[in-house]
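Shown here is one chain on its own, the form predicted on its own, set out as structure tokens.
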Amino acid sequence: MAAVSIPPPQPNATKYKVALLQLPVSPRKEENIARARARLDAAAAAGATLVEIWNCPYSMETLPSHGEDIDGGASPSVSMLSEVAARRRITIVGGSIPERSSGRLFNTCCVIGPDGQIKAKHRKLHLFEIDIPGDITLRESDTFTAGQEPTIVDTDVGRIGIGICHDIRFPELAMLYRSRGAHLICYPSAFNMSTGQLLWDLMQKSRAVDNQLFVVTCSPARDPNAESDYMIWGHSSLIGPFGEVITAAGHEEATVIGEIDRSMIQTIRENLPLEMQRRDDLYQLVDVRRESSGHETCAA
């Protein structure tokens, strides 16, 4: 079936603040968790109701040692996020952490609601592989297992879609999230210096403009002294539905806060009705999961 748009439930407020926590990460997990807790508290105190963070060093050699059993309750990172979300009454997009499950390792982002409960869990769908001679070679599939489900979730600020890093390169996923009623897509990411300089800004704006919605990305801070060969680009950003940069960090440690005004989406879609102009007689987006199940799939 063609992906017919699903109207989301309407939250009470049309405007809210989102905070992007661009944090330095180290091999010392307790240090990372303590820093993230402090920055989350500060962001909530500044009025942010949706907070996105990153909390793990990106290195194929060390990622398995940081794996946490989320479903089994043995996840100090998620436990901290749940405690802060409940105490501060905010929604946290806690992406991403390596997740151990059934002998496999996933790159996982949890969405925590104001009650401290996990509302949705996204496992990275598209695993990154790159081979640029003399620059960078990396195969995530040697370490991670790919997820199998797109993730869209109703939160206290509205319906959002979740992707992780390389997921942003695939416009079909963003189109799917728009068709399911998302007003925002969150992409916790760790682009490297090569792909970051070339594609980071372009990818965010493309996903936002093509689908007339907001896009949020959150990266670790860059560590020029990192022992890993994988150097982080940084530049966490909030992009509006016309491709405008609402707020953005540099490459250093930072917390940046921007406002999302959901009414902008309706105005832009009325002024430029792309959905009405789409040629469904020539091409269609097929929502495979909705077609096979016969109903909408949305985490609640």
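Treat the numbers as computed from the prediction; the structure is a model and nothing was measured. A residue's number is simply how far along the shown sequence it sits, counting from 1.
If you look for the form predicted together with a small molecule, you will not find it shown, but the lines that follow are about it.
Just to confirm, residue 110 within 4.5 Å of the small molecule in the model of the complex by heavy atoms?
-> Result no; residue 110 lies far from the small molecule in the model of the complex.
Are any of the heavy atoms in residue 182 no more than 4.5 Å from a heavy atom of the small molecule in the model of the complex?
-> No.
Taking the shortest heavy atom distance, is residue 165 within 4.5 Å of the small molecule in the model of the complex?
-> Answer yes; at least one heavy atom of residue 165 falls within 4.5 Å of the small molecule in the model of the complex.
Looking at the partner-bound form in the model of the complex, is residue 106 within 4.5 Å of the small molecule by any heavy atom?
-> The answer is no: residue 106 has no heavy atom within 4.5 Å of the small molecule.
Partner-proximal stretch of 209-217, 147-155, 174-182, 191-199 relative to the small molecule in the model of the complex, 4.5 angstroms, heavy atom | Contact criterion met by 191-199 only.
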